[in-house]
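We begin with a single chain expressed as structure tokens, specifically the form predicted alone.
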């Protein structure tokens, strides 16, 4: 029978402000341990989830394994890790897993190793798509090998937040399953190297071609984990998002004055200015756009998006970090910085309790996951695997096993 040890529990590493928690709790997952090193993110977490959250939120370094292990209760079913992406980007000089920040993944892996018999049956890692190509693919292969050495069968996919909300935010995910989960609904790739392209695993991977682009499929074909590959036949997400206008406050904020508007209008490329002018001259209903300031060819430019999406939210650090909101309404063009509430909506957490400090709010959400993305992964992958495992351990399963046992006579 299922007991306390077998509950739908999880640990959230690199928890930040807790948006993985926000997504998973909606289907009944219980967070028993959260970890992050940033006190301001912990303050936001507690501000949203209440003082009781401090009981399981550990403000400390993931490398402090003894302290981490002492705080994790029992054997959580799932561990998630949205480890730092800085070293996977140009900003981090592409140091990859050798970098000080992204290398924190090894701290997480050390914790998994030392948990031994308390090791979570399932893990979910998240990072930017650059993780796949970092150091020519070596970093991705290293993560696969390390997880396989800990007994996990692997799967991987890329999901873009724009399929759920109007924000361009692709993210790479790695999922690991311990041996006792390998069964329905998981489909495995044979480890003997003779799997055909018509095998159930290949067919399931190809059906979900949106979430497994060709470069990722190529990597999955070329890397042979010591365990193997295992996937849930989940198909592609149905792209359903509402308009950007529904996420942006069209009125009621401090808009820039005419001088600041003119300065940013002059920063635009000629083609962007012409498009803005056409929308202004149309004098139609309000249209919300977003843009980033970037240095292009030695000049600071305001690059505007016209595809109905906000750019990928970032932490407000550096010249191209904060997004500009542009609203064109009945012949008037207004501009301002995007607000923390708008960040929250674009991350699928519009009701999140915001801190008083604006920059703190932008940092928290700019460095977080998109809630509907994690919800989709949960509905299609995490909860089905948990429920299949739980069903096998239920009283009904015990009765089914007993019914198959041969009867013995009593003399």
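Nothing here was measured: the structure is a model prediction, and the numbers come from that model. Residue numbers count along the first chain shown, from 1.
Below, we refer to the form predicted together with a small molecule, which is not included among the displayed structures.
The candidate site formed by 303, 322 and 346 is entirely out of contact with the small molecule in the predicted bound form, as no residue has a non-hydrogen atom within 4.5 angstroms of it. Here the chain stands alone, but in the predicted bound form its contact with the small molecule, taken as any heavy atom within 4.5 Å, falls in 53-61 among 382-390, 354-362, 53-61, 24-32. Screening 104, 276, 267, 125 for any heavy atom within 4.5 Å of the small molecule in the predicted bound form leaves a single hit, 104.
With a 4.5 Å cutoff on heavy atoms, residue 82 counts as touching the small molecule in the predicted bound form. Proximity of residue 37 to the small molecule in the predicted bound form falls within the 4.5 Å heavy atom cutoff.
Among heavy atoms of residue 367, some come within 4.5 Å of the small molecule in the predicted bound form. Residue 19 belongs to the set of residues with a heavy atom inside 4.5 Å of the small molecule in the predicted bound form.
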